[in-house]
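Shown below, as structure tokens, is a lone chain in the form predicted on its own; questions about how it binds or moves come after it.
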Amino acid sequence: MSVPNQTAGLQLNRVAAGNGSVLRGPILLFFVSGLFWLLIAAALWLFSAFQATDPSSPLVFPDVAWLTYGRVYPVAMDLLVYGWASMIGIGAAIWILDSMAKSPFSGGYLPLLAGIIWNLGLLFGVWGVLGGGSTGKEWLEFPVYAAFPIWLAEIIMAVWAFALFLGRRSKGGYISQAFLLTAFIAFAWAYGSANGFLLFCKIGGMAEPAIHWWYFGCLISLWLTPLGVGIVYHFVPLMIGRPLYSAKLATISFWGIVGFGGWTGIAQILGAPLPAWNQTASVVANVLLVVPVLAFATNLHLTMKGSFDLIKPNLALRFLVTGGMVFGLASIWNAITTFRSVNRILEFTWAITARTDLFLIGFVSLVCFGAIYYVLPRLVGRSWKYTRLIQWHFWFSIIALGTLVFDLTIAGVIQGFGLMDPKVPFAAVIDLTKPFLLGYELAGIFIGVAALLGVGSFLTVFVNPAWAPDSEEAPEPVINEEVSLA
């Protein structure tokens, strides 16, 4: 069984042919860098999971300061966001934006320069946080000398993306272009503003946590979400050979995410000494954000209607569609946990960690790998051969996600009710949640295996036979009858 190549010839063949070798280098740089940081993040995450279960074990080096949980876990999460998700998202965005331009953009050195600067910022950030120079602000742990290169690289990419958008093929543009361009501009603005106010101006008082968690809302809802949604909106219609079902639903999803996304972060600190209207507005924004997310999910479902049978053989499509489905679940779960009656139980528990992980592992990471599996063979001119590795990668990712979210959610509920009851000793709460943290360790192992399988799959494409762009076969990983798991 094979799936015909549904991509429209000239639109992607230009890039598949190497685009004059201008953008192949930058895209590969972002892809390779993202996968490298994913491996580091997965290793540190697994290490921190063992630390959370038994912090005094000699196997986790409790006497080594730069390997303590308070340094290792923040680095793992920062690398997952700024290293893995951001770099793969940027690489895919370069491909998408350039494929929609009238002619190949000659400024390929700009994203290449941005990629180098971004990686330097990550190196400085890892060194700084592990060395004890963390700012102490979650998701903004990198010191100034690491945050500035990342912000500078993002400014370069935002300018480059805007210039490419001005040279777009269609005067009206496409919805995927709108999402990606918004992501670049919003992240440059939010990351620069947050670091500027908190690290340079050193604003204190209650304005400090307000700015801090405002940034977190922008990071999730105005950076990673538009990147992921833009990738899904672009690649899924191409792979099934039909246009997006509804422009109106796409418009609702875009303006809803842009309109509500910047208000969502304060809900992370409900009960803090901030104005009540500020906290209430954030709760309302998180709930209303479900509307554009459901518009996106509905649009994706109706676009896929009649083509769901392609999900089984086409593994790139499987990653993208599954990621889109999980995005809807993550948004609904996020809205539920921001209600004050629920939040007062789950706040500061493992359940909040599970909520974030559902978004990062279930939506962002699946979509990123789907983009890699679609773009890479066209970028290097080689078809995918070892599809069984990708099948294992998919199922290990799903098992890891299910184990992680289930165990941490149950642990969080037990932890929340235990902490609310003054008759329950804190030590008893720790003992009750410990069995579920063993599941957290298991999920970390699955995540590590999935990361290794993803990187291994990426490397195998370079030794595969060459793919001709005018072929009737799709170069993305497609299961043939001989290797089908059915």
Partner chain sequence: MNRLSKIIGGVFVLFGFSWWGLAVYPYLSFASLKENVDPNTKEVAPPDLPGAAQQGYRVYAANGCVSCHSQFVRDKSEGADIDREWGKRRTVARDYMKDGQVFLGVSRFGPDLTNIGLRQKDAQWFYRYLYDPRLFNPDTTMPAYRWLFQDQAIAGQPAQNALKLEGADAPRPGHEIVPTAEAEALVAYLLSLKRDYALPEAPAPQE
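Computed from a prediction, not measured in an experiment: that's the story for all the values here. Residue numbers count along the first chain shown, from 1.
What comes next is about the form predicted in complex with the partner chain, which does not appear here.
J.: Which pick from Phe254, Phe396, Phe124, Phe359 sits with a heavy atom within 4.5 Å of the partner chain in the predicted complex?
T.: Comparing distances to the partner chain in the predicted complex, the residue within 4.5 Å is Phe254.
J.: Which listed residue (Trp151, Trp384, Phe327, Trp213) meets the criterion of a heavy atom within 4.5 Å of the partner chain in the predicted complex?
T.: None of the others qualify; the residue that does is Trp213.
J.: With heavy atoms only and a cut-off of 4.5 Å, decide whether Val32 touches the partner chain in the predicted complex.
T.: No, Val32 is distant from the partner.
J.: Is it the case that Gly418, even though its partner is missing from this view, gets within 4.5 Å of the partner chain in the predicted complex, heavy atoms only?
T.: Because a heavy atom of Gly418 falls inside 4.5 Å of the partner chain in the predicted complex, the answer is yes.
J.: Residue-level contact is defined here as any heavy atom of the residue lying within 4.5 Å of the partner chain in the predicted complex; does Ala371 satisfy this criterion?
T.: Outside the cut-off, so no.
J.: Mark Arg318 yes when one of its heavy atoms lies within 4.5 Å of a heavy atom of the partner chain in the predicted complex, and no otherwise.
T.: Contact with the partner chain, no.
J.: Hey, of 70-78, 387-395, 304-312, 112-120, which bit sits against the partner chain in the predicted complex at 4.5 Å between non-hydrogen atoms?
T.: Only one stretch qualifies here: 70-78.
J.: Taking only heavy atoms into account, state which residues of 267-282 are within 4.5 Å of the partner chain in the predicted complex, ordered by sequence.
T.: Sequence-ordered list: Gln268, Ile269, Leu270, Gly271, Ala272, Pro273, Leu274, Pro275, Trp277, Asn278.
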